[in-house]
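In the block that follows, a single chain appears as structure tokens, in the form predicted on its own.
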């Protein structure tokens, strides 16, 4: 069999480890041929691909980014005049011209949605969930998430000392475009006093009062961690105006997506990649590999497409945080 691999959407730690997990399993255990497709679905449309052998996979486990490159190309997107930008025929032709028996799509929600559409065209597709946001439906964790949490936690740790020294309120914005997983996990791990996530919403007066309550307890500084969907600048300004305390904003940004994956993410990526190849060998296509209840499994792509995995209001970290006096702004 000949399988293709592509990575689509934003980069994150662990993509290369996943490529390695898929390809090494395919080459050494199943005797398959592996083709790497460059620049995501853009490379699929243009047939920009290279063969991958074992030498190409050396040194990938701890390497950040993606050796195949990526793009945010969406082959089924709508164009501005309202007409359908349907390139199904081009995709099917590229798939056949490359001699593929299956295509492995590594990416987040948008990628899995596209993977499902490719599957509906009759192509053999396997999806592997990837995003630091941890918001892909059907899996308890996506590789890249815990690496991002480690980076964000380290940054929060470092901001504690300057906040304490200057008796300031530090507002730290972490990634999480539609879900607050990084803010919750890094905020709790970093000892934040206030954690704001889109799933819970927030009341500015409640946030301000939580900070003033700390001052009344002789705790003159506070750490506020928020998800990027919320407006850090506005929140910071409202805190300073409402509490009269000096407030500073730090936006961590893309640093959370760069660098080497954590040990957990390396192992998760390896397991997901290996299971993807196993599904191919079994002929079980149209599925996304996932991590559920500390085990690798898979679910139909049809169950994933168009859904978002948000932080539940009764998450155990939220419950425990409230018991410890952490404010979630609501």
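Residue numbers count along the first chain shown, from 1. Here the structure is a predicted model, which is why all the values come from computation and not from measurement.
Just so it is clear, the following notes concern the form predicted together with a small molecule, a form of the same protein that is not shown.
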| Which one of these stretches, 201-209, 215-223, 125-133, 149-157, sits within 4.5 Å of the small molecule in the predicted complex when only heavy atoms are counted? | 125-133
| query | Only one of 176, 187, 144, 107 has a non-hydrogen atom within 4.5 angstroms of the small molecule in the predicted complex; which is it? | reply | 176
| request: Work out which of 120, 72, 166, 244 lies within 4.5 Å of the small molecule in the predicted complex, going by heavy atoms. | output: 72
| message | Does any part of residue 113 reach within 4.5 Å of the small molecule in the predicted complex? Heavy atoms only, please. | response | no
| request: Decide whether residue 257 counts as a contact residue for the small molecule in the predicted complex under a heavy atom distance cut-off of 4.5 Å. | output: yes
| said: With the partner left out here, check for me: in the predicted complex, does some heavy atom of residue 193 sit within 4.5 Å of the small molecule? | reply: no
